[in-house]
Structure formats: structure tokens, C-alpha cells
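So this first bit is one chain, no partners, the form predicted alone, shown in C-alpha cells.
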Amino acid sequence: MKILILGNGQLGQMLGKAVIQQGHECVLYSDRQDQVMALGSQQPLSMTLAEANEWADVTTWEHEHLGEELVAKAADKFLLQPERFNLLVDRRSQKALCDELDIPTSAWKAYENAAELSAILNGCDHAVVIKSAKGGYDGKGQWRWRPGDDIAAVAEDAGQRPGIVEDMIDFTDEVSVVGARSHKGEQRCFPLTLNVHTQGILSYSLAGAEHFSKKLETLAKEHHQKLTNALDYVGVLAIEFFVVGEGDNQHLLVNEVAPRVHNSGHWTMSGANCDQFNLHIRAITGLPLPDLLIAPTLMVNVIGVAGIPEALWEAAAADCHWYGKEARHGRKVGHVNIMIDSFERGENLASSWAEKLQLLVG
């Protein structure tokens, strides 16, 4: 098959590798430069987006921050109806969909402008998180507010564009489930993954070490299946959750939905028989989804540094991925997967390597 990938960042390149591995063809479209690119190259091809979309049998994407105009241009080759895609990428309609499907999330309210945001905060007696309706990642486009904080200041900043105000959650862990749904409605999910953030950026993920209860694993997969079935979604989709409560009362609240392959699924490139990128390409091209075999794995993001230390490149248990990007503080420039034999070993390795691999602020 011929596949057009919207976006040519690291996720697009990883998807492209899976395309080639499965015997298909692909080109990538840079929505920043409005140019069609060859896999593995930043050199533009003599092909317009319209020509690339005409050439392709199916069009997919590496990120969800696609303008509605771009979605409309490529929609005839999408495996998701444009209105459903647009619903997912706006936090207001995304939250409303979770409510409609009875998938638990934090209490929330939508606002259109600074005046509406101010009115919500003036009537609020508890801590909240304010998020832009669209865009924002790695902590961008988000604000925290507590009673007593300056309302005018946060409303002037956050109220520049529409958004939501949601209750701040007292959680024990942040986790995600990454899974795929096929044309036939088959579902395959990777294990519930622990995600640890620093300054709003994912520092590391731990998966496959059976750290979470079967109840939480089942809940995560049920929520994933309910959402993807409702959308008739084909491909990989990730859901980020908060774990709240203790013991038998533990449950999950949805934080964000990402209709794409996800940073917290990068560990699958070393710790699964079929990684998230291959699983996505299998799903959108109609290949069967395999049963997933999992090995405990730690993924540490490489952020803002000029390179991965030689010791990790040489380590037998480490699998290094460098994105070829210019290093800037807070920018993800690679990741390292490390095979582990226990959850505790993973946490110890994460603690020792994170500070060597991550520069978050200048």
C-alpha cells in the first residue's frame, strides 16, 4: 500500500520505518514547511500535498495538531471521519465525549474568553488546572490556579483563546494505555504504563513489570475499547489517566486522549514483539493484529542535551534512539530503552540516568 503520513518529526519517521518493514511505500508531509518529504530525509520532493494525497491509498498522522483546513484536504483518505478527528483534538469536545460514554474524568467547565474564565474562577473554591482547548503539550498551554491566586493575571494569559477549567486531581500515579483497533474492531492494548513527569515533560516510562492490579489493567482496556468503538477508530490511540484512590477503591480518571502513537509507548520498540508503530501500520493496512508479548522495559526521554553518553550506546541492555534534532532545553531529542528485571530496578536506573540525559530549563 501507499501511505501518506502527515507530520515528519520523530513519530512520523518511526511510523515510516514500520511502513518499509511491512513492505509498503510512504511519503511524509511537513505541515510546518508545507512540503512533502522522503522518509529519512529533510529534502523536499517535487510533489504537492494534493498530489501526495492522490498517490496514497491511506493517509495517517503523527500528531493531532493539524489545522481543520489541512484535515479537510486529506480527509478522503483518512480512516477516521474528519468531524470525529476534530472532536478528539479539542479538549472541550473530548471531555464531553468521555462524559457521554461514561468514561470517568475530572469535573470540568469550558470557557470562550478571559471574561468567562474569570467568572468561573471567581466562583471556584478549590484548586484547578486551566488548559487551552487546542494545542499545548509538555506542559505548554496549561496553568494552575488556587483560591487566593490572582484571577486577573491568569485570565489575561489563559483567556486569550478558548479552553477548559478542570478540577485538580489528588492522584497517586500518572499512567497511560496505548492500544490499537483494527478495521474489524479487534483490539490490542499494551500493558498499563507508569509515566513520571518533570516540569510537565515526560521524564520516563516503566512498563511490563506487573506493577498495577489486574483491575486497573482491565479498566484501562475497557475505557480504550469503549472510546475507539464509539469513534469507529482504526489505528493506535493512547489515553493518559490519573490513578486515584487506594486498594480496592483505586480507579482511573482520563487526563488526555491522544489519537496517535505516543511518547509513553516508545518502550514497545524494545519491549514488545510488535511495537506501537508496527501495530498502527498493521491496523490501518488491514493486517491481523498479533497477540502481544511483553518484556519489562524502562524508557528514559533524552531532553535538551547534545547527545546520548557512549556508555549507553555500548550497554547490551540499552537501546538508544537519537532523533537528529538540534538540542534545546526542554526539547525531546531522543530516548533510551533499557531492559529491566523488576520495577524497582527500573526506578533506580531512571533516577540515575534522568539527570544525565535531561536539561529541562536554561
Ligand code: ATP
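Residue numbers here begin at 1 and follow the sequence given. Predicted model only: the values in this text are computed from it and were never measured.
Here the subject shifts to the form predicted in complex with this ligand, a form of this protein not shown in this document.
- When contacts are judged by a 4.5 Å heavy atom cut-off, Tyr137 counts as touching this ligand in the model of the complex.
- Among residues of the shown chain, Glu210 is not one whose heavy atoms approach this ligand to within 4.5 Å in the model of the complex.
- Interface residue remark: Gln225 is not counted as part of the site for this ligand in the model of the complex, having no heavy atom within 4.5 Å.
- Of the heavy atoms in Gly200, some are within 4.5 Å of this ligand in the model of the complex.
- Across the options 183 to 191, 270 to 278, 71 to 79, 237 to 245, residues that bring heavy atoms within 4.5 Å of this ligand in the model of the complex belong to 237 to 245.
- Only one of Ala96, Val129, Leu87, Cys124 comes within 4.5 Å of this ligand in the model of the complex through a heavy atom, and that residue is Val129.
- Proximity to this ligand in the model of the complex, defined as a heavy atom within 4.5 Å, singles out one entry of Asp167, Asp232, Glu112, Glu217, which is Asp167.
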